[in-house]
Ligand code: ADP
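Just one chain is shown here, as structure tokens, and it is the form predicted on its own.
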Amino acid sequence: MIKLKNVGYAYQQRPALADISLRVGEGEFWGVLGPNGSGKSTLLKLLARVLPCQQGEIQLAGRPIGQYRSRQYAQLVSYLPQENALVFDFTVQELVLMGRYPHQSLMGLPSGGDLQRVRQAMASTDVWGLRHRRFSQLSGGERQRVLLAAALAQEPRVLLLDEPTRALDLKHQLQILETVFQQQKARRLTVILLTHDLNLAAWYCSHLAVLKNARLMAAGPVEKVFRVPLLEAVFDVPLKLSPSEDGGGQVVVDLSRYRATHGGKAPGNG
């Protein structure tokens, strides 16, 4: 579905991505991990065509992404950025309906099919009951679910998510990711998710790509990439695998090793 070949991008001579090559298959759920400044958001912006590809080539379904017309590309790819600055205070239903614009006529009038798909997207994200509320009146978790509904109403083949659970509590994080996971399976969506939560990425994603200092450190199935030595090297924090009752485990910070190398101070204690 997506192919990157030697992709690079720089902000005023400062490399944000360098020589990135990656293949993402149709229907795969990819998680992109890495510390702040590693190039994760830049990667997603290139895929969404928010930024132009300065070096290398990006293909979607076998064609360079620059060959698609804007409406045509929006029918295939939906992008949910970290920040969504709305100029006007739309109702929830109006906002989700905007996700249908790539499929509407030039007159921009919604059809019965558009309204049906909007309702389905809102039902799948549990925001139908909020449809008459103003976006500004919603909580953080509700806003994220509404924006996800708009992205799903777009009926894309590829869904790009830039930290959709950012600043949400654990309950709302799980609600968002569970909705994405269920929709990805039902629609066979190709999903690329940027997140800082290592364990949620390992739980929901089928594949992982790990970035550091603008470079791709590893990519592939979760079971091959989700390794403590690699993650320690990428995040520069001592980690350990904490066993769970189901026989699996999760990666956690090894506080004893951290304190031993930081003068007995735990993270956040000065």
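Note that the coordinates shown come from a computational prediction; the quantities given were computed from them, not determined experimentally. Counting begins at 1, following the sequence as shown.
A second form of this protein, the form predicted in complex with the named molecule, is not displayed here; the remarks below concern that form.
- Judged against the named molecule in the predicted complex with a 4.5 angstroms heavy atom cut-off, the residues K3, V7 and P64 are out of contact without exception.
- Among residues of the shown chain, N36 is one whose heavy atoms approach the named molecule to within 4.5 Å in the predicted complex.
- Contact between A16 and the named molecule in the predicted complex is found at the 4.5 Å heavy atom cutoff.
- Heavy atoms within 4.5 Å of the named molecule in the predicted complex belong, among the stretches 54 to 62, 202 to 210, 28 to 36, 234 to 242, to residues of 28 to 36.
- Taking the named molecule as positioned in the predicted complex, the residues of 38 to 65 that bring a heavy atom within 4.5 Å of it are, in sequence order, S38, G39, K40, S41, T42.
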